[in-house]
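Just one chain is shown here, as structure tokens, and it is the form predicted on its own.
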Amino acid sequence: MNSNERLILHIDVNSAFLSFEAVYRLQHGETVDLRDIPSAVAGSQATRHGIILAKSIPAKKYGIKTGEPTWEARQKCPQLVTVPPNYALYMFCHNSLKELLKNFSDRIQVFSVDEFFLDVTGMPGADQPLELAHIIRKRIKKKLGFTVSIGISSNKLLAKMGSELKKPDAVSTLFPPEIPGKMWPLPVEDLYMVGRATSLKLRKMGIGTIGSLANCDLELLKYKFKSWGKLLWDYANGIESSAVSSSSRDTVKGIGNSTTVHFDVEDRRTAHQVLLSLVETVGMRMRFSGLCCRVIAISIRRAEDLTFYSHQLKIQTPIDSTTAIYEYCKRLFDEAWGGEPIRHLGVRVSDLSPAVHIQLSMFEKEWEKQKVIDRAVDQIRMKFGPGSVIRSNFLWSGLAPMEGGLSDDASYPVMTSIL
């Protein structure tokens, strides 16, 4: 690369959910590393979430695929070890990695829960990009325990494609002069933004590699794919110029969490407990993001016909307290619920604002003491794990103290399509 080019790194955690779980278990006394055996993070069939969410490299050798039913995976590999998802743990690992990366650049873009872009142009060590990337890779492995693959290039697209070239625990470059040798021979499906439907259309056109796409007539692609054709052609040629944009609080429209309960909820007390387990995660995510909310909503899906309805309210004073949000959720649920069996519950907060300056209201309850408790609990959970502090009403309840996922809001996307 020349001195006038940007230097972008793409950091991708290897087998993220499984790695996070493996490291956490090793740190708490486990002797077997899940990454070294056929294993997977998988939902339970009994709780209606029976699919593979992440798998180890040894599990891949048995043909186990992400998204397939757990029972099919067990047919392929009877000795497969499965562990339940722990979304709070993934959030902790995400934040720990982000904090570590801040030591190397102040221009960080969260691309997904396990992927980051770093613009290290002009930063110390940028004149030796390979050495810098290896320093980051080794620091992550030493401090956090899991491995990453890092791609290096002059734009985000090529950096992301570069991180896919060699896994796990590796560093790869993919600068524009390297495109013909490293990227063009790859199957067209390997190009970012080329999904199954697009790849089928391209292969019907005789385009089977990224190089074939890059050298295809642009007007033909525009005719076949409209404006999408120009984007495909640009990406195949490594053309992409978006900036590494730090996650702006203004872009986070809402934070949500939902779960399908493994039995039909038929009483108010149990529904309140499920809502609390969802709010626990939502509240932590708000505080980690430095945000407060003014709009709170709950959603309900009936068990009988799977129809969906919701109810929300807007408050005057922004809040981030778990207990405060839970109190409002209970009120919303009690007002909305018709008494029918429930299959699915959700919580969502929006109208977000920075938590630094808040105009207090004399007409609403003051939650400052509760906020101090929330932050103390957050710190304990961050240090000792999400299960280190739980509310006593979850004991022997059969419900998880912290429920739900990460993929339903803009602050911790599983993947964003926008570079």
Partner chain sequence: MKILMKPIKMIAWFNEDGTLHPVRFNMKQKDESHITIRIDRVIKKREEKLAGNPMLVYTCQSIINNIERIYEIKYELRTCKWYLFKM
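Residue numbers count along the first chain shown, from 1. If you're wondering where the values come from, they're calculated on a predicted model, not measured in any experiment.
In what follows, reference is made to the form predicted in complex with the partner chain, a form of this protein that is not presented.
Among heavy atoms of R196, none comes within 4.5 Å of the partner chain in the model of the complex. With a 4.5 Å cutoff on heavy atoms, V23 counts as touching the partner chain in the model of the complex. Not displayed here, the partner chain is kept clear of G229 by more than 4.5 Å at the level of heavy atoms in the model of the complex. Using a 4.5 angstroms threshold between heavy atoms, F104 stays clear of the partner chain in the model of the complex. Segments offered: 137 to 145, 69 to 77, 289 to 297, 266 to 274. Contacting the partner chain in the model of the complex at heavy atom distances within 4.5 Å is 137 to 145.
For the options V244, I207, M161, C93, the residue carrying a heavy atom within 4.5 angstroms of the partner chain in the model of the complex is C93. Screening K61, H28, R375, K65 for any heavy atom within 4.5 Å of the partner chain in the model of the complex leaves a single hit, H28.
Residues of 202 to 217 include none with a non-hydrogen atom no more than 4.5 angstroms from the partner chain in the model of the complex.
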